[in-house]
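One chain follows as structure tokens, the form predicted on its own.
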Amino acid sequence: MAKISVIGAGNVGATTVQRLAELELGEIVMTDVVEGLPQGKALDLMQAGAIKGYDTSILGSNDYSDIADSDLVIVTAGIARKPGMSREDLIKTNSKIIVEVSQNIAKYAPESVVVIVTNPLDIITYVAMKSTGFETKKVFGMSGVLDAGRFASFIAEELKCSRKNVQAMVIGGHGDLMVPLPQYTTVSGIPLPDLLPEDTISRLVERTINGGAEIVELLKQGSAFYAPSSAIVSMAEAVIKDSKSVLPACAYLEGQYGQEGIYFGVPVKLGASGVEEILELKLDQDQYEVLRKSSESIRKIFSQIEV
């Protein structure tokens, strides 16, 4: 049986554990630095299993040693950006947290595949790869699945069709410089540009780019966790089942899309060993330009951090 560890028992981490448990993908360990938090949530989720009909073992712990021999480790630990907090402050704080987390993953689960969820995603995934010392294919980030899900939801709402029929593709950095790809987005196989005018697509692209901020503004306190946890679990399922699913992920590029030595959102094939293949799509000139700007922004931040 597979063993999955989720580091961080906040809303994203705990909801991820819930979805994993309901799918019965393996035994689960949920860890957090806050005493009692993962234990209480694990107990609650175990009791829910008696009602929902799953037999998943869930252990709540404050001890990293409990993640020993995990096949998959999902990292949601870190703080959210607070009002008045600069992006640089967020990077500094979360990088420090992730270095400690990564060192413990390397110590106790050296054979695991690692999915990073902590923001700023592109930077933190790089920090995790460097700090674990793992092969680049075994450390990747969750961003594109979430962004594509948001894009697909907005498209379905616009077309008044089932969300199940929409397959969206979003690449690039996770944030303002993400690149939704209408030409690779379909509704039951029909390319999006054949269904909606360009100005409508542009409006939906803009809403997708601001999708996370829109939720934060509505909530007033906190951020999204239902959609992020769904995205995480779709990636976890691909790894645990070795399904070779093609999904957008924050992966390490070695020349693809004209980028070298950087973590970036691209379509990949996910399996038991992590990122098994990076798929390179043909883009138009404007999309390549946004990718270039996005990569420059990420590289600028790289130069300011020490790993």
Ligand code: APR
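As the structure is a prediction and not an experimental result, all values here were calculated from the model. Position 1 is the first residue in the sequence shown; the rest follow in order.
The same protein also exists as the form predicted together with adenosine-5-diphosphoribose; that form is not shown, yet it is the one meant from here on.
Using a 4.5 angstroms cut-off on non-hydrogen atoms, would Ser112 count as touching adenosine-5-diphosphoribose in the predicted complex? Close contact is absent here: in the predicted complex, Ser112 is far from adenosine-5-diphosphoribose, nothing within 4.5 Å, heavy atoms only.
Can you work out whether Ile262 and adenosine-5-diphosphoribose are in contact in the predicted complex, taking contact to mean some heavy atom pair no more than 4.5 Å apart?
Although adenosine-5-diphosphoribose is absent here, Ile262 would stay clear of it in the predicted complex, with no heavy atoms inside 4.5 Å.
Open item on the list: Taking adenosine-5-diphosphoribose as it sits in the predicted complex, is Val170 near enough to touch it, meaning that at least one heavy atom pair lies within 4.5 angstroms?
Closed with: Result no; Val170 lies far from adenosine-5-diphosphoribose in the predicted complex.
Note to self: My question is simply whether Asn119 lines the interface with adenosine-5-diphosphoribose in the predicted complex - judged by any non-hydrogen atom within 4.5 Å.
What the structure shows: Yes, Asn119 lies within 4.5 Å of adenosine-5-diphosphoribose in the predicted complex.
_Based on heavy atom distances of 4.5 Å or less, which listed stretch (254-262, 276-284, 235-243, 30-38) is in contact with adenosine-5-diphosphoribose in the predicted complex?_
This holds for exactly one stretch, 30-38.
- Every residue of Pro180, Thr208 and Glu289 near adenosine-5-diphosphoribose in the predicted complex, heavy atom within 4.5 Å: None of them does, since no heavy atom lies within 4.5 Å of the partner.
Worksheet item: Of Val187, Ile201, Ile97, Ala227, which residue is found within 4.5 angstroms of adenosine-5-diphosphoribose in the predicted complex when only non-hydrogen atoms are counted?
Response: After the contact test, the surviving option is Ile97.
Checklist line | Among the candidates Ala80, Ile91, Ile215, Leu196, the residue which, in the predicted complex, approaches adenosine-5-diphosphoribose to within 4.5 Å (heavy atoms) | finding: Residue within 4.5 Å of the partner: Ala80.
Which residues, if any, of 52-77 lie within 4.5 Å of adenosine-5-diphosphoribose in the predicted complex when only heavy atoms count? The stretch 52-77, when checked against adenosine-5-diphosphoribose in the predicted complex, contributes Tyr64, Thr76, Ala77 at the 4.5 Å heavy-atom cut-off.
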